[in-house]
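Below, in structure tokens: the form predicted alone, a single chain.
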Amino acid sequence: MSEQKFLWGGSTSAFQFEGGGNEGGKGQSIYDAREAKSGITYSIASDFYHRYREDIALMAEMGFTAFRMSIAWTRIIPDGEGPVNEEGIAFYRSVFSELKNHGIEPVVTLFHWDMPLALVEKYDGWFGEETLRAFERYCHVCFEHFGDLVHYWLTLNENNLGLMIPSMFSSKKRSSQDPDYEVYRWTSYHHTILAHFAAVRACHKMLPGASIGCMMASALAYPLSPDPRDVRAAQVHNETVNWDEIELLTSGRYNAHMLRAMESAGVDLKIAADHVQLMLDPTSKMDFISFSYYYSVCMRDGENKANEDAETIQMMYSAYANPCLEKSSFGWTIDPMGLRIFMNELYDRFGLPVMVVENGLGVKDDVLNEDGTVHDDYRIAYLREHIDAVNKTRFEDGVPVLGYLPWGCIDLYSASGDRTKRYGFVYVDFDGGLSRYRKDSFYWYRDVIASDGENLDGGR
């Protein structure tokens, strides 16, 4: 395996960062529909649509060598399955070219939750096999038009949440009490698995020099105590949330855990022969595993409830905080060692390179001072410890880590629409014309990147 330059940068998603929601021929996504009901201005967000040259210049100033972003499906194909929108093609080609001109590799997520509203209304989101076919066509369009500019691709964002949050892309809310719940959630999930395999196969066939991987939400759990029952509870959690899907994506087969779960729920997927062929096709196997990591949890026997109304893994579990760890001001545990444990576990189990595409400290503590400064020493402290864990994983443990791309590198909206919880190295003044301001962490991260992670004590 040839030596590969480590990717330093940051991450965003279209619906949380891009804006321009009513421009350039873009169609309606499920988040546009939520905006109409809630008033949350996803259609503006951080306005990358109009400010991408300014934002990319800021990334270049920090020394980014990679930027993870997503393509809005509805900017490419407004209704998800109809005519291609040439304005959308031109926009993303301009963004990718601007990144490349600054020496920044685009790392592109094909689906980061903003499902076309038309596909939800017509086919009930991923439940309909028509949505799978529409996604496969959309991927072909992206590979055809952007393949000369994009080397790294991710398929579906945090797809391992699919079985736990089955109504996320549904035309109606379903609960575990509904008679069609199990069939709905397993069918929808299976279609997302096929969507992943179809995207990987198409990428390998159309862009043989490219690399493509999945994107999972890490949910590392420790037992709350040495009680073997707690150990087993943590083991079951990690199998169900973390490992089962990656085993499926690397083997092409549902394992015994998942088959038993389907059987106990009375679900028979009856996988078509061409879908079996797709799942087992060697060209459908991904090249690396990317993931989000923010914190770890603890499990206790019989006392862990999942929240069916949650939108992210971070909101999912009524789990237990680790008494050995400190918490951020937002209440999330700070566990850099957990990041190292998780990467080692991934590599030991599946033998694929890993890429950190979300990490960081989201808090409501950032204050824009009159002189335009933001003193976020708490963020620097968090990132220092986590980058140190990445360094130890790379150099001491021998795990092939491809890159570190922390979340929300320029302030953006949370998935729920909250713009007061900030992650970025750049402050966005959402009430002041969306002006950008460099935080102290901006200068610190610039020095970290310049030293390839060796200088963790630099900064302004």
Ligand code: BG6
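Everything quoted here is computed from the prediction, not taken from an experiment. From 1 onward, residues are counted along the sequence shown.
Missing here is the form predicted in complex with the ligand; even so, the following discussion is about that form.
- When contacts are judged by a 4.5 Å heavy atom cut-off, His112 counts as touching the ligand in the model of the complex.
- Remark: Ser414 counts among the residues lining the ligand in the model of the complex, judged by a heavy atom distance of 4.5 Å or less.
- Looking at Thr192, you'd find every heavy atom of it more than 4.5 angstroms from the ligand in the model of the complex.
- By the criterion of a heavy atom within 4.5 Å, Glu158 is counted among the residues contacting the ligand in the model of the complex.
- Residue Glu358 is the only one of Asp230, Glu105, Glu245, Glu358 with a heavy atom lying within 4.5 Å of the ligand in the model of the complex.
- This chain is drawn without the ligand; in the model of the complex, the residue among Trp126, Trp73, Trp153, Tyr294 with a heavy atom within 4.5 Å of it is Tyr294.
- Residue heavy atoms within 4.5 Å of the ligand in the model of the complex occur in exactly one stretch of 112-120, 379-387, 86-94, 220-228, and that stretch is 112-120.
- If you take 326-356 and check each residue for a heavy atom within 4.5 Å of the ligand in the model of the complex, you get just Trp332.
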